[in-house]
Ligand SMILES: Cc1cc2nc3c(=O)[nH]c(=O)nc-3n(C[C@H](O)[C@H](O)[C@H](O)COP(=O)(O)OP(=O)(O)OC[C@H]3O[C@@H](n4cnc5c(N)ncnc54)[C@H](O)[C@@H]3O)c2cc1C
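In the form predicted on its own, a lone chain appears below as structure tokens.
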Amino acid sequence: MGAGPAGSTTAKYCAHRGADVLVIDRRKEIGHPVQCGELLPHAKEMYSMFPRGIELEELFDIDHSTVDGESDTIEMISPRGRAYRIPFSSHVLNRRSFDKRLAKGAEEAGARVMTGTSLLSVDESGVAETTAGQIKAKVVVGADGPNSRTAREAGLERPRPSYPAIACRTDSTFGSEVRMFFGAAAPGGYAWVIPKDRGANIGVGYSQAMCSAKPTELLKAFASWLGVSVREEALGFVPLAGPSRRTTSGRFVLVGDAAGHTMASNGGGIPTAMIAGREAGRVIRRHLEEGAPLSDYELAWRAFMEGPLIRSHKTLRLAGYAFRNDALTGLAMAMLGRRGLDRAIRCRRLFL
């Protein structure tokens, strides 16, 4: 359920050899609205974060018609304006095009994609009630975000807490650096400017435990401080509680945000969704063809991602103590320095 990076990648890898794969998505248009910063690290950066990854180039050799920009630097900016420059190569995506291309890839592999269709319920026998009628499934994949209805129906834990994140477009131009602003602009999280070939994405993600303001209020304040006008606002929630303890149960499999596969120390979820989706698709295909247990998926994604995701979550928890106000935030960033902040971005241990 869900035709984002997690769902479409899963479908692509399990649709080979004639398997009947159906992807449903509640949105009428795949990839819209866009609810993220649209940043996708290059494959070499993914290896730096997930060194046990295998053949990541296969996943991240993307169609350049879906790319709206490139960046080779992240600037992490303290409350007083000190910038820590970190070399980091990434694509800036056009998510509307990117998600559509992933869905097309799933269809080319043999999957069917149905939009404007929501899951209502699913029983233990695999009969799903949807807004388009009943669907019978041997395997049900939840790729439906942090508030996953599939997880609820399967009796699996949904990732908590989820941080609100609001993103929008601006026609104003910036340099080529991705910028992350820490402090009062986004308490417990960060605000961002991600430049595109034309215009930029800006946004704010923050901890509701540290700030009672509405997301739209923080975004308006940040845009005003930047001196830009904004359009196409979209609000989403990012699961930053670390990976779920269980991502399979019976015939159910959870992937991407529904499984907590988000890098908590940088907020990225597209590449991890695709890595886990590939593993899920391969395991499901073996399950259908050979009777392999779906629990093999747990072993597969954890071998690649569990360690870095847990370290990333520990970094976020530490930041929750150290980034309580602007003075402490600036001090903590100075103590970590460029090297420590680089390690945080890459889901590594902060200190050797």
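Quick caveat, the model's predicted, so the values are computed rather than measured. Residue indices: 1-based, along the sequence shown.
One more form of this protein, predicted together with the named molecule, exists but is not displayed; see below.
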{"query": "Distance check, T66 to the named molecule in the predicted complex, heavy atom within 4.5 Å", "finding": "no"}
{"query": "F237: touches the named molecule in the predicted complex, heavy atom cutoff 4.5 angstroms", "finding": "yes"}
{"query": "Partner contact for W192 in the predicted complex: the named molecule, 4.5 angstroms, heavy atom", "finding": "yes"}
{"query": "In the predicted complex, P159 touching the named molecule (heavy atom, 4.5 Å)", "finding": "no"}
{"query": "Candidate site G53, P243 and P308: all three near the named molecule in the predicted complex by heavy atom within 4.5 Å", "finding": "no"}
{"query": "Partner-contacting position among I270, A111, L219, V141 - heavy atom within 4.5 Å of the named molecule in the predicted complex", "finding": "I270"}
{"query": "Contact residue in the predicted complex, chosen from R324, R317, R286, R27 - any heavy atom within 4.5 Å of the named molecule", "finding": "R27"}
{"query": "Per-stretch contact check against the named molecule in the predicted complex, the hit in 308 to 316, 28 to 36, 66 to 74, 295 to 303 (non-hydrogen atom, 4.5 angstroms)", "finding": "28 to 36"}
{"query": "Within 1 to 31, the residues that have a heavy atom no more than 4.5 Å from the named molecule in the predicted complex", "finding": "G2, A3, G4, P5, A6, G7, I24, D25, R26, R27"}
